[in-house]
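Shown next as structure tokens: one chain only, the form predicted on its own.
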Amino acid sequence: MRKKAASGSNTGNGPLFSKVFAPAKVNLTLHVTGQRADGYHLLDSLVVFADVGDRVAVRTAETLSLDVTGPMAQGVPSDASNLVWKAAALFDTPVAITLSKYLPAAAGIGGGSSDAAATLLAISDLTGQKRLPEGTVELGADVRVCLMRQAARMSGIGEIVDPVPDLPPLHAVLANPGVEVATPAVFGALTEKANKPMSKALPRWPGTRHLIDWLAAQRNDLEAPAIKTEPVISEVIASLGALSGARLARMSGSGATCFALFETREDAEAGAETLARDQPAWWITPATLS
């Protein structure tokens, strides 16, 4: 489902290049279980990745540069403040980077972290450097799970990542109303910070319906404070939940992107078409999650 790095050259003497897909990260659950003395929150989250995302291409160059293109490029920085730039700067090899943005920014689906992870993978592929450089931890808690690029349980402050094998396929509609949600503001609005985690051992789900039923009994503890910050999120969740065939509607991460889960890809695609007609200004896409 997710694209692997593709490397080669344009001509026999042309610059080497590498391309990597940067999938959207979706938090199916997000339990806030505590807060450390240094202010970092402890989480317990079941994370999956979508077959929609950004694209990162790198090629050898004399100096480091970043060009941001694509339908969601507006407002995305192309300087050293971008995580993609910071990831590339960890390597000794300067590269020219093209970041094609298809995911909304500050949207709760790990776009920046996934882009940074894809950049690390692309430059590693380009240079043949199998060991990632020091400093990747400073890029952010989500980068570790985005490097794994498969269903995983993420806990601690994001540094503990355990793969979740054999997850039944999930089909979804992702929707974002076009508002950026600042993660610190959402955590600041969270009143209860010591909530129950998921069960110590995750169940083995025999099929998609069983997984969705189990997810319905879990939570995203950031959903309520995010709605206080941006009330339109409640409208997105309600609209997703009202789609024909939708089994569960919830917010991902700290918002504002939300998702509805379906048992079939066909139902998800039909739901996306319906919602796009009703809400033409929203970012909406069907997706398969794994």
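It should be emphasised that the depicted structure is a prediction, and the values quoted were computed from it without experimental measurement. A residue's number is simply how far along the shown sequence it sits, counting from 1.
The protein also exists as the form predicted together with a small molecule; that form is not presented, and the subsequent description refers to it.
Although the partner is absent here, Pro184 lies within 4.5 Å of the small molecule in the predicted complex, judged by heavy atoms. Among residues of the shown chain, Leu243 is not one whose heavy atoms approach the small molecule to within 4.5 Å in the predicted complex. Taking non-hydrogen atoms only, Ala96 never approaches the small molecule to within 4.5 angstroms in the predicted complex. Residue contact with the small molecule in the predicted complex: Ala57 places no heavy atom within 4.5 Å of it. Listed stretches are 117 to 125, 99 to 107, 134 to 142, 169 to 177; the contact stretch with the small molecule in the predicted complex is 134 to 142, by a heavy atom cutoff of 4.5 Å. This chain lacks the partner; the member of Leu43, Ile237, Ile227, Leu46 within 4.5 angstroms of the small molecule in the predicted complex by a non-hydrogen atom is Leu43. Interface residue among Ala189, Val161, Ile157, Leu147, judged by heavy atoms within 4.5 Å of the small molecule in the predicted complex: Ile157.
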